[in-house]
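In structure tokens, one chain follows: the form predicted alone.
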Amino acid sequence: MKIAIVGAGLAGLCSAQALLDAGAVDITVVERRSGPGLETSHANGALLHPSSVEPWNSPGILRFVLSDLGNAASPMLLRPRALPSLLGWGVRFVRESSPARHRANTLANVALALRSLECMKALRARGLEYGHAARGSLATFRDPTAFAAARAWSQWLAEHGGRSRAIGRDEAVAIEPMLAATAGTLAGAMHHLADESGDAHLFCQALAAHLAARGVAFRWSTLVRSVRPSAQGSGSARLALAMATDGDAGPAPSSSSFDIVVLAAAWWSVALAAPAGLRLPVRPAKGYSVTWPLPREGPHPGTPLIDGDQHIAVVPVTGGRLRVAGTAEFCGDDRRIDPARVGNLVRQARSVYPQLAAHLASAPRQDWAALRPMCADGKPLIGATRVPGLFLNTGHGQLGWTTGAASGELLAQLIAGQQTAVDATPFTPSRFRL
């Protein structure tokens, strides 16, 4: 059986790994960039957070987004120019924000995230290095009402496998001494014990090398232009990939046939599925991060921090770096880095750790933005479509790093006809008639 996986980010590489373990032997990964993990997986928040996997379309989201329409400082920014592309998708997005649906979708994501931690542990046992740290995370709150809501939410999640505890400011400082400078402003914190961190790009590089050593073929700098049913007769490959190695302006693409094609190309999976007659309910939500080298001298943050009021994550990253990540911007297919959004992240990071403010103002930094593939109900699309041989592993939104390993495992188990480690029903593409 010939299998093609489109996309060499977290979803695609984890799919290839799991398919190998399930017995597949002829796997080709096709990637438009020159190496692994160079798009949405490249400089994400570096935090695997089963503590915070609730979909963004929480109850009241429509009122919140409309009240902040066009506000560059909003954690969830809707650009007016993106409205036409969101109309149909937005109806489902808002409908899934009812309390009952939102909780059900959250629990599905929790199961996938917790399983993913187990899968990551197994991969580390195989020698994969990516700067892993298991320090948990701290979610801090200045607003007492927000802290109380987070505490109640975590208590509910604890009934379904969550591991978090509410702590006071003194204990938060004991866990992360760098918080001492702002401890007086804190109402409290949630200590999320199961959260982990690591560099997703290093993980992709290590996993790609591991896969290549096991015989997986990689086609780098290769653009897939379409996926269509093969014109060959019955008994042969069922899907044809039209591919080009020189970008959109190149000559007519070559075609290769496969028994199974997995679309794991994040937001670009939408365009790839369209020629096969599938309209994926996925839209791009731009996320940002800024990364600095930490100063050589002086105290450094040691614990990943989630600022519950500013909706950002500030995470120590392997190699002596600090990364701040956050925001969601619905702006269509626009990958440009907005200086205003970056500036807001920089200001927020300096306010979280004022001891580092001068350093963060002058140190060289890496600004990054990517289009997260956001599914309308806040859960990824994993499994078969109505097109024979065409499978999906996309739509993870902000959860690609948190759920990537288990998503690949689930996909491989479905393709192989094996019993799945988690319930596949919440993630099946058929829930959208795909």
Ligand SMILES: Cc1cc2nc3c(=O)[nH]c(=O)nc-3n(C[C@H](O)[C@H](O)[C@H](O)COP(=O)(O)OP(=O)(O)OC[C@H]3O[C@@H](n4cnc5c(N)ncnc54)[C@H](O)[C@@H]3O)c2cc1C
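The first residue of the sequence shown is number 1, and the count goes up from there. Being a predicted model, the structure only gives us computed values, none of them experimental.
Heads up, the form predicted together with this ligand isn't pictured, but that's what we're talking about next.
Segments offered: 350-358, 145-153, 281-289, 253-261. Contacting this ligand in the model of the complex at heavy atom distances within 4.5 Å is 281-289. The shortest heavy atom separation between Thr222 and this ligand in the model of the complex is within 4.5 Å. This ligand in the model of the complex comes within 4.5 Å of a heavy atom belonging to Glu31. In the model of the complex, this ligand lies within 4.5 Å of some heavy atom of Trp401. Remark: Leu305 does not count among the residues lining this ligand in the model of the complex, judged by a heavy atom distance of 4.5 Å or less. Among Leu47, Leu390, Ala376, Ala406, the residue placing a heavy atom within 4.5 Å of this ligand in the model of the complex is Leu47. The contact with this ligand in the model of the complex, taken as any heavy atom within 4.5 Å, belongs to Ala266 out of Met190, Ala266, Cys331, Ile312. Annotation for 7-41: interface residues with this ligand in the model of the complex are Gly7, Ala8, Gly9, Leu10, Ala11, Gly12, Val30, Glu31, Arg32, Arg33, Glu39, Thr40, Ser41 [heavy atom within 4.5 Å].
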